[in-house]
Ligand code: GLN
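Only one chain comes next, encoded as structure tokens, the form predicted on its own.
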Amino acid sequence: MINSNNYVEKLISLGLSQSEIKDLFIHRYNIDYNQVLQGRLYMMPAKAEMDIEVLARGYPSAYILGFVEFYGMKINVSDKVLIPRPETEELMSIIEEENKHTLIHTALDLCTGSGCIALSLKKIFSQAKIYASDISPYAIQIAQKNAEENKKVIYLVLANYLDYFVSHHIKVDYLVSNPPYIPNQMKVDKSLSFEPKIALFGGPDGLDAYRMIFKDLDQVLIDHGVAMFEIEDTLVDDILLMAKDKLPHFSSKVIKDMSGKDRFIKLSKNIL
């Protein structure tokens, strides 16, 4: 058996952050990590050694835990959905700050995955009707579970991009999407190999999702509505050109993330 000090050293050597290590100790092994940091020695349970083996292969700690903290909520995850990232949480903070004095009636989280964006939108716009859409039935199931556990009402839709909303003539005030945007041949971090490819890769140039969304966005967004997208920073110019071509009466704004990368695009529908 391995002791807690040696185990922490192994986790650090694998590149885990202190917050990830703390979560594993508290929620996975039921050990007070603060006590470990203060020098108390624990013998680790057998599952800890099995965890090390899968973590060494790049398996995300969030999938071992089965959840992440996101925007003040516990969000369940599995390898059927993407793990919510800090950049996406940053996007929610931007949306909340920009809309302190805006009345939003309806909003849509497109490509919802775990439902983290939809539930955050419901937290920000408590009186609004929030839709969450995804093509994956597994994602819809997990998003439903997260909605129930966080006691928030959202309307889940199993559909391909905006097809359902166009066919049902549904318009929204606000749309948020973190679609698959990694070019198929781009080299990615080892841990991403365990996440669902359908939620990661956006075709040969990474733009397939934006093509699908932009062709219908005008029909789904109300006049003066807003759409916010998380993007791959290297694709920003291509996405802006596509928006200008497909959505000529929309204005666009690029927003940087905390690391200074072009991470978000805001499209505003301008109708006189």
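Computed from a predicted model, the values in this text were never measured in an experiment. Numbering starts at 1 and follows the sequence shown.
Heads up, the form predicted in complex with glutamine (GLN) isn't pictured, but that's what we're talking about next.
Student: Quick one: of L192, I170, I135, I94, which gets a non-hydrogen atom within 4.5 angstroms of glutamine (GLN) in the predicted complex?
Tutor: Checked against the cut-off, the match is L192.
Student: Please tell me which of K145, K129, R85, K152 lies within 4.5 Å of glutamine (GLN) in the predicted complex, judged by heavy atoms.
Tutor: Of K145, K129, R85, K152, the residue with a heavy atom within 4.5 Å of glutamine (GLN) in the predicted complex is R85.
Student: Is there a heavy atom of D51 no more than 4.5 Å from a heavy atom of glutamine (GLN) in the predicted complex?
Tutor: Contact check for D51: no, nothing within 4.5 Å of glutamine (GLN) in the predicted complex.
Student: Can A199 be called a contact residue for glutamine (GLN) in the predicted complex at 4.5 Å between heavy atoms?
Tutor: Flag for A199 set to yes.
Student: Spell out, yes or no, whether the shortest heavy atom distance between L158 and glutamine (GLN) in the predicted complex is within 4.5 Å.
Tutor: Although glutamine (GLN) is absent here, L158 would stay clear of it in the predicted complex, with no heavy atoms inside 4.5 Å.
Student: Might S114 be said to contact glutamine (GLN) in the predicted complex, defining contact as any heavy atom within 4.5 Å?
Tutor: Flag for S114 set to no.
Student: Given the stretches 158-166, 99-107, 70-78, 174-182, which is the single one in contact with glutamine (GLN) in the predicted complex, using a heavy atom cutoff of 4.5 Å?
Tutor: In short, 174-182.
Student: Is any part of 210-236 within 4.5 angstroms of glutamine (GLN) in the predicted complex by a non-hydrogen atom, and which residues would that be?
Tutor: Going through 210-236 in order - heavy atoms within 4.5 Å of glutamine (GLN) in the predicted complex - there is one hit, E230.
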